[in-house]
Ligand code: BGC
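Let's start with one chain on its own, the form predicted on its own, as structure tokens.
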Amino acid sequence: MDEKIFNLDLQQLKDIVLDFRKKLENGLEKDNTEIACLPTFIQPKKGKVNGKSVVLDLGGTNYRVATVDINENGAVIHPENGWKKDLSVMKSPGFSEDDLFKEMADPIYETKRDGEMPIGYCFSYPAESLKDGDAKLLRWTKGVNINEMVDKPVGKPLLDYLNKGTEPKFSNIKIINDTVASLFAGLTKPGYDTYIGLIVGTGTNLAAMMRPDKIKKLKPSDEVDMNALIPINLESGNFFPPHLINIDNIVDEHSDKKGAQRFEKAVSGMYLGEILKASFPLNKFEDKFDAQKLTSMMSYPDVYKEEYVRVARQIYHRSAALVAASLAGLISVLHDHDNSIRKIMLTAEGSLFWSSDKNGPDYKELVTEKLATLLKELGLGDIQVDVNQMPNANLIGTAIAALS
């Protein structure tokens, strides 16, 4: 096959930037849009945050639990990277809310607590933030489909379940998206004009701090502080960009959420292997073929067919270019909101974003180079974007939310 079908030229990328920008602005004005732009009604405290919390981190397949103590010296996490548990079982047919709570509760009950503590819950699925710090699940992604939880609060049922079976009790629970958690973690690094959180792993998403007066869909009943920035969870994985190809349509057609998360299906680790498989429909591949397998193919090409390696690298490069285009669209909107923005902290999470190709540029390098080119094309070449890899950003950002 001609792997050049995955190439995106500069004009196509600019089309994607402008389309992303237009749909982002639409999401700030209206509910139920393609790029949802969900306000998070948890604003980090100004100044130092202090205290202890239990932090839960539920991702695409992995689950972590940790106690986080934030003080004037920084964050102390116990254990160092959290207790880890494989929760891919939650993708099984018939898996229920009660099943999920039981799986989640076991390691939580093992945490050492000397008194009531709040819970911070990093929940990596589309959810609408509620004024009390909880969140309502909008839909499942990443192959999960626990129907009875959709359109209901995520936090309170779990808090009630946990408090039936443990002492001391948990005082409250705050729900935060993983991308907003990365955004909050970045706030610990002062000296920037604005902050962005980015996930490119099993799924993909963006979050940013925005001025309330630019979020037209906010209502008086939301009771936000108009003098403080609002964290916005874009849910950008649902963006449907121009210039996708028929192979992307095939991947979408065979997915469990047809028509949704089209950007994610072209970009994220869960789907890059599916794109490769769809590129060679007459060839047989192993069932589990994700981004990790794709990067292994690029790094150790002697083990694979040459055409597989070439196409794998094109898919990898296209994913990075699409992420750069989404970032350029977001940054251009942030700059429109405040044209004094010159220095941006981008806290990036996700195994794909920090993946390597032993025989070519790493993913981060591909994204940053393409982003610089696009910002220059938009007349924003003087904007500096520093990319930050913070160990345990999810845990730290979620602890800040729990204590805010």
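What you are looking at is a predicted structure, and each value in this text was computed from that prediction instead of being measured. Counting begins at 1, following the sequence as shown.
Below, we turn to the form predicted together with the ligand, even though it does not appear here.
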For this session: Given that the partner is absent here, state which listed stretch (197-205, 102-110, 251-259, 310-318) has heavy atoms within 4.5 Å of the ligand in the model of the complex.
Result: 197-205
For this session: Taking 4.5 Å between heavy atoms as the contact cutoff, choose which of S279, S129, T295, T141 touches the ligand in the model of the complex.
Result: T141
Exercise. Does the 4.5 Å heavy atom contact test between Y125 and the ligand in the model of the complex come out positive?
Worked result: yes
For this session: Although the ligand is absent from this view, report whether S326 comes within 4.5 Å of it in the model of the complex, heavy atoms only.
Result: no
Exercise. If you check in the model of the complex, is D134 within 4.5 Å of the ligand, heavy atoms only?
Worked result: no
For this session: Answer for N177 alone: is it within 4.5 Å of the ligand in the model of the complex, judged on heavy atom distances?
Result: yes
